[in-house]
Ligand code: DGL
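As structure tokens, one chain now follows by itself in the form predicted on its own.
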Amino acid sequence: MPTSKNTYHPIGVFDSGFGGLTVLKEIVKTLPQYDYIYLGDNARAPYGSRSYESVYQYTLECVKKLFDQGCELVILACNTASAKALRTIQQIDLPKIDAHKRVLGVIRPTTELIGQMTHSKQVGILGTAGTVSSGSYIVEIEKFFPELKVFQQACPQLVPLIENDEADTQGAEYFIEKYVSSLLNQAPNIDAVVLGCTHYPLIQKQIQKYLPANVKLLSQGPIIAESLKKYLAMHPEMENRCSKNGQLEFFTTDTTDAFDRAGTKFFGSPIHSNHMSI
């Protein structure tokens, strides 16, 4: 890290655990010149089944930590945090903390594109129980494409299977087929499906296998990367505040050795993290 915090203003990327690394991977690929700090709140993960209040409180604490590290802009690379905490942080907390700082999520950029991907006007969402129960995808899609019908399927077993390195087992195949079939049973004409959890790109090929050939499967990493690129182009006042040394830092609230082993799989290249207490 550069010695002067006055000049070090990385873009913060936050997730409850590892999944956001799939988003960071695409962001770095698209915008390699910026500095980035990734924070995974692994000690309190998963967020998917937690209450709104818990997710909001945990997310706010982690956002503040990233602000303390010099971040002017933080991406919530977590669907559950985006669904349950983003709006309150943007509307209530940021004006009190610093009106010039920004926090962005992963749901809105995805929903802005979904209408362009469907001919049947029927789309599906695969996500955690928390994301699905929040109804955030339904609300956001309604804003941009009110003519679409949205069908959701909670997939509570997928994150534990992925994080326990069991994504290639028969058990994982059973649950993937079960969840995809349940989604399609709601509406057989679905022709676009959102991977509404940042863990799911690791099993994208397996999910695709159980979908009809005409169904488009949307992974959030590339979408968020392009959305951030456009955001920075449209907001030069923020773009100018973000430092550009091509540096990457990784933090976890849990054990660094375990985070590095699992995180390398999500990020696609070796990572070395530091511990951050919340």
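Worth saying up front: this structure is predicted, and the values here are computed from it rather than measured. Residue indices: 1-based, along the sequence shown.
Missing here is the form predicted together with the named molecule; even so, the following discussion is about that form.
Residue contact with the named molecule in the predicted bound form: residue 46 places a heavy atom within 4.5 Å of it. Contact check for residue 125: every heavy atom lies farther than 4.5 Å from the named molecule in the predicted bound form. The named molecule is not drawn, but in the predicted bound form it has no heavy atom within 4.5 Å of residue 111.
Using a 4.5 Å cutoff between non-hydrogen atoms, residue 84 does not count as a contact of the named molecule in the predicted bound form.
Stretch 75-83 is the answer when you ask which of 202-210, 113-121, 177-185, 75-83 has residues with heavy atoms within 4.5 Å of the named molecule in the predicted bound form. For the stretch 144-164, the set of residues having any non-hydrogen atom within 4.5 angstroms of the named molecule in the predicted bound form comprises only 159.
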